[in-house]
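For reference, the chain that follows is the form predicted alone, supplied as structure tokens.
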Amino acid sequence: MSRFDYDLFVIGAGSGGVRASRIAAGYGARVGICEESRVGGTCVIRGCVPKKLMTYAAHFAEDFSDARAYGWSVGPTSFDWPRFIAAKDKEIDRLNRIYLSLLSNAGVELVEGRGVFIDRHTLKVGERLVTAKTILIAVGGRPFVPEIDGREHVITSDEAFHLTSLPETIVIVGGGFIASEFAGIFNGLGSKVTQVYRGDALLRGFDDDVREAVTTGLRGHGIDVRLECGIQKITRARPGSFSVHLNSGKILPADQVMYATGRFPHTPGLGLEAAGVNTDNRGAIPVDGFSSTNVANIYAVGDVTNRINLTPVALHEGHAFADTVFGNRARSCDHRFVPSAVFSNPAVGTVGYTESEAREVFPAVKIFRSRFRHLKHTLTASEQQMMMKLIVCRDSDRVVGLHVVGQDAAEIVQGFAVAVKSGVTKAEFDATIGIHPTAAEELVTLREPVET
């Protein structure tokens, strides 16, 4: 009989942890998993799923406006925030039950509470001690709010999903994908939105043309985007009303102040030092291609490793870990050409290198780019433009970057990502017949490079 309670114990029942535990159990391992909150993790409970539902809700105002241009008579409309939140919560509850069933049906034991290391094989979960031959850390990340005067007055994305009412005015601090997505959400639902960011363009790390297109698009929807702008302090003017003091001396009034200034790995208090597990200066756990930490029996997947912080990546890492350790099938994680999306308004879909990255990696590149008005908006008052861009390695003719900004960007890029991942060439793009009339056909009709 094994001297351990489990062959595998997983800390964190989010996407990566649940996938790893189920696959390992399928290989015959005795598996336990703990969770301090709700099973499903960031994506299902307080991330991409509820946020995407909010994005859908926010687009209806635009749809009602567009409908009139197409001959529809649209009567008075109004938005009921509490009714929407109740519907959203009902769906999240349903998904939570599905995740619980997935664990139960796989024979994985759920232990409620946060796992804390006692040593490399022992954890304390609540009042219970558990031992495991192998331990997987999949605790994800949490929103980060800097030490600023008045930080106790702000909310993060976690709280934004549970506000009791829709704010009339909101200041969103940050320039990343979460800040930009929520700016579009609150704007679409009727709030007056100011987005404040200290950088010179939104979406740091994305292609420069994408960054410019999103910034222009958000402003076109009436969002007050303020760049190269810092926060000095936040004060409460009266209950439910705040003042955001900018470094410039200006003061922005707001019913809510939301910080979306990044997420940090949820490792504080995990007891990693007791197990000898290394972390970096952000608290992330360094791992190799097989998700191994510096301690032989301890692994980590998902956002806690700060590799590519996306749910499908965590799923892939968790599955590969289980195959490697319990399935006798060594499988490393391939993080090249991972597609991603930003559900801002306008939306973004992207896969591969940005232009600046490609120019550093390849001897020479060709750039193909197009900006155009979507066919749908030829009858509406919208001035929104789509932007599509291909980055091609000149020597191999391989498409190494593909970027789309505009309607259905993520849906478009998901399909093209298969081709880019497989090494598609520009000549193969050119040989492909487009579907007309669609926006996506633009990607196979780009003929003349704008830069080489």
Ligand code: NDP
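Residue numbers run from 1 along the displayed sequence. Treat the numbers as computed from the prediction; the structure is a model and nothing was measured.
Another form, the form predicted in complex with this ligand, is not on view; read the next lines as being about it.
The three marked residues, S370, V413 and T445, fail to reach this ligand in the model of the complex, with no heavy atom of any inside 4.5 Å. Though this ligand is absent from this view, in the model of the complex it lies within 4.5 Å of a heavy atom of just one residue from Y299, F343, F186, Y353, which is F343. The contact residue chosen from A260, C333, V171, L123 relative to this ligand in the model of the complex is A260, the criterion being a non-hydrogen atom within 4.5 angstroms. Contact check for F79: no non-hydrogen atom falls within 4.5 Å of this ligand in the model of the complex. In the model of the complex, this ligand sits within 4.5 Å of a heavy atom of R204. Contact annotation: F177 falls within 4.5 Å of this ligand in the model of the complex, judged by heavy atom distances.
Mapping the unseen interface onto this chain, L310 counts among the residues with a heavy atom inside 4.5 Å of this ligand in the model of the complex. Residues within 4.5 angstroms of this ligand in the model of the complex, judged by any non-hydrogen atom, belong to 335-343 and to none of the other stretches in 371-379, 101-109, 335-343, 233-241.
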